[in-house]
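One chain comes next, on its own, written out as structure tokens in the form predicted on its own.
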């Protein structure tokens, strides 16, 4: 079938003016040009940076040798994110810079449908084309019909561009798949979300409860260090997970819960705390609203009832509740980060928020502290134009608790047969591989085919670049400035990223790309500066610093304005309708949702199928680092965790290659090796995320392992936020690939 936008493997382009990129370099055969000469730090030049290998954004210094090559990256000692240390991914940052598989020049799609190719073009031609197509779509359908699907710090530059031309239809996958339900759950309890980094006081906690949160494998640097400190101090850890994770191995209690039954356990814990008088009575009486309603609500949910749902013995439910109560208020029921699981995710995170309140942990030392940030003024520009419609007009009628654009809703609005009242006609995709990061790949591809224009901005030739009309190669974080990091923490801080080296190849920073498009669209008044250095220096001077100072120190700390914790008995107003912690949510009630968490049954795997559980490995950030030559050396493929009972039943051996087929008949493109282990329940299998890349230009990552995202075709939508629950997919294990080949694109 001839389609208007076929997937193009960027690696397979013909010569004669088309992009021909060099083969992958091998780290083991001399990754660094001067690696045989140890770096002399006394002679090295150091540059402040902010790591972009994951969203944690640790401040660090990049060290260059005398030939100008970045040799290593070390955490900034005064940075609260890194505390002077980087995780394996952060130290592997130079691999991103020197990866010869990275995008090098702007690429433009050419040719007739069904016979398309990319050709290398100049930045002038590429940007003129982007501006022309943006103007055509904007004038024909309205600029609101152009959507920005983005991630990372580059997103901020393009969000400014979009607001300048009148579109507020922006969304990032992290909201639908990770943070949306979590933030909604806490906002509807405390009137405040969690944010990032999570304000959990683990260094002072006496008890930490992890519910499907894989600290130590997700390598959120500061949190991992805080957890380690807490463990050294004797902190008790309780891990609830169908898999014996790294965190579980450090735990006093591992509760191998039956997947999809977490709310049952949370309700049972509430029952024990309330009906055995273990909750913080003074805290609840002063700060909470709806306790009597909650008490009546959880009365039926005894540990014995929960056992029938969760497979966790009643005595273990009670013992763990007692551990929490004994440690209170220095206890953290961790909110998690990837919280989109089964479609009732706001209610599950509401239950977590309520448990923390019953233990008196919110605003208390060893529980949740009150984070604070330095407010950096925006560089002056005119007021943005008012869009005729936004994401709210296609989202809020159904998902009333959504608080920002939701990626899957914008994709729904991009489909040819959409029933939504407004339509999306063009995409800008910035720093996110939608093919791998969004569940239901076929729907994403169908939406791509319906777009009049697709531009992708990225550093690597991920799968989504193969569906673009134009590919704009961004330089890596070690080659560019970005906006200042001002995230909330115990102490307000500002951190600077500046280029350690000039951009390699023909790549450009995101701020420059977005500004050049804006100028071509006649939006000069929204970009009244010549470069981002002018913006940064102006902003820093407004808070008593300067770009010159920040180039030396990298991170600057400021005094807090508010207390870090609540004093006992202190008056406090919560930003809710009642001014209190809402155990009974008045907002959810008004919107027509359950005001208190309700347990509901979820589908279970049929005979011969196993629930697909996915997760992280400590040396990789999703799929974005799989091709990094430094990090690929540490882990180049994933393995399928299978319980020994199931392995015996299917006659599987460790290291054996198998394929997966899900409940909808989708077969994994590539095989994956089996790992037989007691660390996974018999009704589930576990597959680390990000592997099985399908673009051959990702030379180290192509075909290495199976892609969990390929198996996720069933999505359970969160009632409140529209988030995409992805843990309702089941797979069977095939020892041979079926004869019928799956279509690769």
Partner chain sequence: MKEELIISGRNIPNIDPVLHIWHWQIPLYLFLGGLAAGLLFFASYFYIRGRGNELKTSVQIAPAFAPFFIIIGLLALLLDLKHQLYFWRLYTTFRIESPMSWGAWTLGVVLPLSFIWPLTYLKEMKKYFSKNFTFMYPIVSWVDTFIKSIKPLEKLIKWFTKHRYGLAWVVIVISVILGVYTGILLSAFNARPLWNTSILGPLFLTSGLSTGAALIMWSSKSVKERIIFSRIDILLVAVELFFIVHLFMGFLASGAVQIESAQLFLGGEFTAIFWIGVVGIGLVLPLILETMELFGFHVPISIPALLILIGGLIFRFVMVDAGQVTRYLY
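Just so we're clear, the structure is a prediction, and the values are computed from it rather than from any experiment. Positions refer to the first chain, counted from 1.
Below, we turn to the form predicted together with its partner chain, even though it does not appear here.
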Quiz item: Does the 4.5 Å heavy atom contact test between residue 635 and its partner chain in the model of the complex come out positive?
Solution: yes
Quiz prompt | residue 45 within 4.5 Å of its partner chain in the model of the complex, heavy atoms | solution = no
Quiz item: Quick one: does residue 676 come within 4.5 Å of its partner chain in the model of the complex, counting heavy atoms only?
Solution: yes
Exercise. Check whether residue 644 has any heavy atom within 4.5 Å of a heavy atom of its partner chain in the model of the complex, and answer yes or no.
Key: yes
Exercise. Tell me the stretch among 582-590, 626-634, 480-488, 494-502 that has any heavy atom within 4.5 angstroms of its partner chain in the model of the complex.
Key: 626-634
Quiz item: Between the options 619, 374, 658, 448, which residue brings a heavy atom to within 4.5 Å of its partner chain in the model of the complex?
Solution: 619
Self-check item: Stretch 435-457: residues contacting its partner chain in the model of the complex, 4.5 Å heavy atom cut-off
Solution: none
